[in-house]
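Only one chain is included here, represented as structure tokens and corresponding to the form predicted alone.
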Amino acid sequence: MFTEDQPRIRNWINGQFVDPVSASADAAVQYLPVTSPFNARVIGHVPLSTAADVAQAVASAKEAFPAWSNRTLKDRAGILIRFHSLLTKHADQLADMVVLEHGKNKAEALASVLKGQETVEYALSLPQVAQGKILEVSRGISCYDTRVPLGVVASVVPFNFPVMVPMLTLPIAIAMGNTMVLKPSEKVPFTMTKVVELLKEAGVPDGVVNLVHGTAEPVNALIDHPDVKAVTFVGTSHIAEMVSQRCHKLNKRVLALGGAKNHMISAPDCNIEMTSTDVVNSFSGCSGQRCMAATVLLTIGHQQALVDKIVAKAEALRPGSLAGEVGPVIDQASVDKITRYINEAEASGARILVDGRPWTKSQSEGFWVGPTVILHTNKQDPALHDEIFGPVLSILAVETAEEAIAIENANPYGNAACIYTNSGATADHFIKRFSAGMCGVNIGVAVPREPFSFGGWNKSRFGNHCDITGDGGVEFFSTRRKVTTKWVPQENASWMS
């Protein structure tokens, strides 16, 4: 039974909310409950859309594409200026929705909305950024190129940043003239449902952006649909690789970002106060549910003073939704996974310096695991190698810089890495040797800011080798048309004319 407090989410197709299509004439549409991580209470129901819903959305996007792509880039960017203004106006409301359905604290939620705004701002600059080139290559002959949109594109986004991650793709994709079908995570369907209304209010024509909810079926349908020209995906590496392979079999452009196991290395000369604060913020911020969370700290030598500071600051953190507090994780499955890794590390002989497991029982409702710091002696502990996606920090002391680099390089992911030091030479030594696409010096969450683009290496990124924002996003969401012209016959022409 559905109530106003537990609404049914609807798809957004051709500029309006529509009910999903039944899988068959005699079958009712299936829904999943959406729970708030703070108290595990049901706050709504999300439909399990089918391939028929995807077909409707793609048809709407395909119909809208000719008129939208024929507008000038400046015209499309002008509409996004109004969208940017509306996002600013509704930022607090959107942040509250993120808090409700995801579990971030309010400051983190608002920051994620504002980070999404940065990509919108970059899209506004595309008339000044995405021009083609022109050159007289021989007497009377010129070459120039223009960027051409692909058509209908799809974006499949995860639960951990309900506004920010969709904004990594959507503004650039539609500014370049594409139309889009977006599939949000079924765990956080509310926020983008509000955002598509703001897009329409800004003047984005019906059909340019469509929203289809669900789980695996709409994702597979989007990949397989012949009118979908490109797919972006953000999620686990296992699924990202499957998405990439499926798209490549169809000769379809794809960018699939996967998981991470980001390493921090503390040199003996690091600033203990700054480093300890940054390490704690990195592994516990957003409850560790971000691909940029750095969750392994390799200390060169035994740095007891640094470890003690980290422990003290992690122990001081409290559960809650206010700035500086640590929110819940997304669901019970996440609680079970995180605590399993902690239990296994403890059983293998690791020391639990800060134990977040009691939060699971001390909070009467919801899905909670507190900040946890593990001191390892066994280099084979799974917590040192697997993506846990929770507020867990693994610390391992190594003897030399080269040993630390070898451990980071052996990691199959290649998302991010950080070196803590007061020496420019030391920083340069590590940055040149990290096997990671995004690197930090004294910054554990080394998220590039626009116009620099976002993206990792190795098993953190599959598909066409572009980054997801910045000039990588422009390259992904467009193709180049090359034109060679000759107008006036030239005297004394040679074979090059």
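The structure presented is a predicted model; accordingly, all values stated were derived computationally and were not measured. Residue indices: 1-based, along the sequence shown.
The discussion below concerns the form predicted in complex with a small molecule, not included here.
Asker: Can you pick the stretch from 339 to 347, 211 to 219, 85 to 93, 278 to 286 whose heavy atoms fall within 4.5 Å of the small molecule in the predicted complex?
Answerer: Going through the listed ranges, the match is 211 to 219.
Asker: Decide if the three candidate residues Ala305, Ala314 and Leu393 all line the small molecule in the predicted complex, where lining means a heavy atom within 4.5 Å.
Answerer: Contact check failed for every one of Ala305, Ala314 and Leu393.
Asker: Are any of the heavy atoms in His225 no more than 4.5 Å from a heavy atom of the small molecule in the predicted complex?
Answerer: No - in the predicted complex, heavy atoms of His225 and the small molecule never come within 4.5 Å of each other.
Asker: Look up in the predicted complex whether Ile174 has a non-hydrogen atom within 4.5 angstroms of the small molecule, and give yes or no.
Answerer: Because no heavy atom of Ile174 falls inside 4.5 Å of the small molecule in the predicted complex, the answer is no.
Asker: Counting only non-hydrogen atoms and a 4.5 angstroms cut-off, does Val120 reach the small molecule in the predicted complex?
Answerer: It does not: once the small molecule is placed as it appears in the predicted complex, Val120 has no heavy atom within 4.5 Å of it.
Asker: Although the small molecule is absent from this view, report whether Val326 comes within 4.5 Å of it in the predicted complex, heavy atoms only.
Answerer: Output for Val326 is no: heavy atoms all beyond 4.5 Å of the small molecule.
Asker: Could you spot which one of Gly207, Pro149, Gly366, Gly235 gets a heavy atom to within 4.5 Å of the small molecule in the predicted complex?
Answerer: Selected residue: Gly235.
Asker: May I ask you to choose, among Ile407, Ala107, Ile272, Met242, the residue with a heavy atom within 4.5 Å of the small molecule in the predicted complex?
Answerer: None of the other options qualify; the answer is Met242.
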